[in-house]
Ligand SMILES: NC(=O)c1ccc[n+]([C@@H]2O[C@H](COP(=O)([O-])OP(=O)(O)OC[C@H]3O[C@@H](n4cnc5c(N)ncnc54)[C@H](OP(=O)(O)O)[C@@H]3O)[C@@H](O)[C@H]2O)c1
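First comes one chain, alone, set out as structure tokens in the form predicted on its own.
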Amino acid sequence: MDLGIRGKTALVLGASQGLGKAIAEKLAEEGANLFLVARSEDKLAGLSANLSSTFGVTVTPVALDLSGAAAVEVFCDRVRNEIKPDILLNNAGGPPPSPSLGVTAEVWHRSAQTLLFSLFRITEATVEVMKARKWGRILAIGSSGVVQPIPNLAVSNTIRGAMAGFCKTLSNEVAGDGITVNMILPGKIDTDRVGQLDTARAQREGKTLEQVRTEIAASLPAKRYGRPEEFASVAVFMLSEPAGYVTGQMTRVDGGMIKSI
């Protein structure tokens, strides 16, 4: 299937590792030119050079910390005037594990800035460009915790839930401009972030990491962790031309993990 995004410009946040990196690779494979955003300039430089040489696309690395409101505002000007994306992947690293109570104000504020307020501002700048073209694709990486809250991830469950509300509301406002807005929910995808959470669980329960991962895999209907490239394939379809009538959705890529209908 031709996804119809060859030559389009994709802005990928959180692109240096994990799911963001996997999606960036799939977008490059489909011929999209990329602006890759993350904190790690070194990781971005290496990834950008590799994708450019492998797929013959233009890839521009942008070092940016989404927790810095002032830096994000400067970046938004660049989005409007230089980047002018056709495609936006909203993605940011998850907050530290915690229960609902006893979380410091600093963790709440930093997490909200990174996962909500910065993404709101970048999305608004992007929508301005997309409206002028009457075409755009926006996708936010959420979490299964949006539907089925994950124990000991209270900050993530709360803030990503708010992002889901933003995406659904925005999708109705911009659908008539040819812009789709969706959220994609990963289950147990085998990334560094999931590995860190599994390690923390192993330490809490006094088990080895291998024991924990075996138990988790056995509890999943698919009986295994998902691969980043599987998740990325679904995400890139959501960002494609053929997905133009899919908007306001939360799409699960979880191997059947979420138990609700």
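Residues carry their position along the shown sequence, with the first being 1. Computed from a prediction, not measured in an experiment: that's the story for all the values here.
There is another form of the same protein, the form predicted together with the ligand; it is not shown, and what comes next is about it.
J.: Might I138 be said to contact the ligand in the model of the complex, defining contact as any heavy atom within 4.5 Å?
T.: No, I138 sits far enough from the ligand in the model of the complex that none of its heavy atoms falls within 4.5 Å.
J.: Taking heavy atoms only, is E210 within 4.5 angstroms of the ligand in the model of the complex?
T.: Judged by the heavy-atom cut-off of 4.5 Å, E210 is well away from the ligand in the model of the complex.
J.: Please tell me whether any heavy atom belonging to T123 falls inside 4.5 Å of a heavy atom of the ligand, as the geometry stands in the model of the complex.
T.: So T123 does not count as contacting the ligand.
J.: At the 4.5 Å heavy atom threshold, is R39 in contact with the ligand in the model of the complex?
T.: Residue-level check for R39: yes, a contact with the ligand.
J.: Scan L66, V59, A32, A235 and let me know which has any heavy atom within 4.5 Å of the ligand in the model of the complex.
T.: Selected residue: L66.
J.: Heavy atoms within 4.5 Å of the ligand in the model of the complex: which stretch among 86-94, 161-169, 127-135, 100-108?
T.: That would be stretch 86-94.
J.: Within 242-261, which residues have a heavy atom closer than or equal to 4.5 Å from the ligand in the model of the complex?
T.: Going through 242-261 in order - heavy atoms within 4.5 Å of the ligand in the model of the complex - there are no hits.
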